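Have a look below at one chain only, the form predicted on its own, in structure tokens format.
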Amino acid sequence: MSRTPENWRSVGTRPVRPDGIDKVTGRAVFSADFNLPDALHGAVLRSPFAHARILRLDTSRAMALEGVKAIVTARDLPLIPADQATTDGQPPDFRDMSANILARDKVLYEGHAIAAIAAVDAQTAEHALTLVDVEYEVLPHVIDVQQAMEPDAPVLHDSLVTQGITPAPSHPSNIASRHEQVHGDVERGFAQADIILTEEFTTQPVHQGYIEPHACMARVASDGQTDVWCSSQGQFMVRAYCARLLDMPLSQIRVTPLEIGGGFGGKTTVYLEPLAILLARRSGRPVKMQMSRAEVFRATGPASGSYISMKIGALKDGTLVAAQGILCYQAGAFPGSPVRLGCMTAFAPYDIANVKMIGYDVVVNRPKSAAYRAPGAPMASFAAESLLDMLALRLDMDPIDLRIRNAARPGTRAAYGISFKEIGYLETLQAAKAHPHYSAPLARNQGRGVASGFWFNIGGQSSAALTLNEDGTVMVTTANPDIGGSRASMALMAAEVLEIDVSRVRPEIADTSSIAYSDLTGGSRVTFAVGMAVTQAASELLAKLRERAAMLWDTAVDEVTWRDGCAHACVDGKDVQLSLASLAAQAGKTGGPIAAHVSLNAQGAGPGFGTHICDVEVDPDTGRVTVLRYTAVQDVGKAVHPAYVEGQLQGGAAQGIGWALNEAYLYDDNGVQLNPGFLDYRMPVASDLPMIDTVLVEVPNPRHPFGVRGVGEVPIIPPLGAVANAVSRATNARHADLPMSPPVVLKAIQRAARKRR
């Protein structure tokens, strides 16, 4: 592109988001808002037990109830052969996904789906659930990850044998797999160390906190053509998963994405959609399904809980020479925790010559875990950043100076193997240290914590189409649900290439039959990867506009330039121009409608780094923690829409603060969840938080036309460590177990006081 950042007219500005007015006025259509005539109500029967064998399942009484139109159980799901469970050995495992959607022989957690019913209304469907006869053999269960790893723990899957161990074990286990990552020689590194610190850490499963529950509508025509309307992070993902689970051709399914009321990774899989399709097929009528809030908590994936044992070694000047960790992550009832990502990200911000990480993926009698912004990284970062704070205290060294001494820079080989190119981690540390927050005084019972975080960011398959409307406005069509303001970013990038005002660009998100395939919205990929498709499509559209103008002027295309949204040329000694509207009006004379489409597999995503500062005050009599001040600094590459980038940082910080201080799934002795709702599951509200300050560091990613690197994942990684370090400094006691609820903090204060005495 010929234009430079100094004269960009759209990228970097803050217009109102295109979907904003509809959302704040209530006109936006979410899944629960969508209705079809004659639609049935779908409901799901769920297990009351954490672990039980299904001895008998009889739906005849429920089916006989007036108003019940269809019932499905696991018998109605195709059996997926073991050798076809995955695609090229990569996740997800569709056998497990099928067994999670409807339990076959055993229920593996309280809330596990057993049957689904479609009836004329909600009351009839709920009554029918009570008429399904189920006989269980209750089995011992295990909730805690460390207990699940014990040799005598109740085994969830008789066929599950630990992968990644040589020789392969011969007995089933709850340890699904072992992952090892080695960089350098840790034994030699620790032998060089002057100081070695070790600690054990635990975190609990936490909910993503999306406001909108899972919901969908399905309709199946007499010829088998199937329509699904749903709230998800990827309509192509929903289509592919439903086709695989139900043994249907992809071409037979069209998925239309509705607005999404939050996802954060929790809507990157399917729960209701296959059931709605089965019920609609059987009943011959559309079926609408929506989870209650309790169902969301009991039957969908939280972030994994974890147990982590970690050790670091350093020289007297603070140089890190070795790091080692054992990470054990709860996968829930089926394998697939993000423990591998935890191993890769824990020490990625640092230049450490010797690192060894071992990760265990462990099944327990809880709902199958799901992604939650930077899956696996917050827990690992919490452990690593806590150890760095302990080292800074031991050395009496400024915690940011310690990180600067060891910071990864361009050319650093990361602990997980790659060598970084253009990164801005050091710049985030420098900006954090220079921020007025870092030098502000603290009072008694107050503490300040610092922590950093890293996320890879990804590209992936993406599509975009630009169409010139008859009035000279431009449609930008993409395939990724907007979960963070991406429509605004797409419009801004298109407007920048075309040199027009963003108000003349209208972005839309298409269904699976209206645009080429795109990977789902996740991994901080959309503004980078889909934005790359949009800018390329805009450039192609621009080339076509110049060609059309050349045809109208009967001149060479090389003589036509584009400036300020118009084609310009010198014709017969005169400067002439054609606006977009003029070109659109005369498109019929030059070949017809003007449009461009680009599909690509975007490469070159720039990794993201952030550094957070947190001030807290701890009540020594109650253990209550008050967050006084919070600043999030992040290298964002280029903020296409700075307001929404700031919102991403603030939102991630708020979620991470809740993870650190209050949030956890609580269970009774029978494995039944005690807090399946926002009343008892304590998420932060506005009164719990200060204004979260943000600092946008912009180190451009040269592999994107506008320097973009993903921003959505990084903000949730540092808060766990930053808050824990602040509380630890305020109380003079190390806090290694999350959440740091008032009773937990008070016990730590009292324990530290006894030690001092």
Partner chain sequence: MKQHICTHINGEATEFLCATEDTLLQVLRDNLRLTGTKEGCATGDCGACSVVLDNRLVCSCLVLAVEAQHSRIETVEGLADGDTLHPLQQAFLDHAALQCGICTPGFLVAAKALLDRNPSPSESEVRFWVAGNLCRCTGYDKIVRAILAAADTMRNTNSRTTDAGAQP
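Residue numbers count along the first chain shown, from 1. Values in this document were obtained by computation on a predicted structure and should not be read as measured data.
One more form of this protein, predicted together with the partner chain, exists but is not displayed; see below.
Contact with the partner chain in the predicted complex, judged as any non-hydrogen atom within 4.5 angstroms, is confined among 255-263, 523-531, 383-391, 431-439 to 255-263. Annotation: in the predicted complex, residues 142, 666 and 739 none come within 4.5 Å of the partner chain through any heavy atom. Shown alone here, residue 207 lies within 4.5 Å of the partner chain in the predicted complex, counting heavy atoms only.
Taking the partner from elsewhere, residue 670 is found to have every heavy atom lying beyond 4.5 Å of the partner chain in the predicted complex. For the chain shown alone, residue 678 is a contact residue for the partner chain in the predicted complex, at least one non-hydrogen atom being within 4.5 angstroms. A residue is said to contact a partner when one of its heavy atoms sits within 4.5 Å of a partner heavy atom; residue 170 fails this definition for the partner chain in the predicted complex, lying far away. Only one of 620, 164, 410, 647 lies close to the partner chain in the predicted complex, with a heavy atom inside 4.5 Å, and it is 647. For the residues 507, 447, 651, 189, the 4.5 Å heavy atom test against the partner chain in the predicted complex is passed only by 651.
In the predicted complex, the residues of 26-43 lying within 4.5 Å of the partner chain by at least one heavy atom are, in order, 26, 28, 30, 32, 33, 35.
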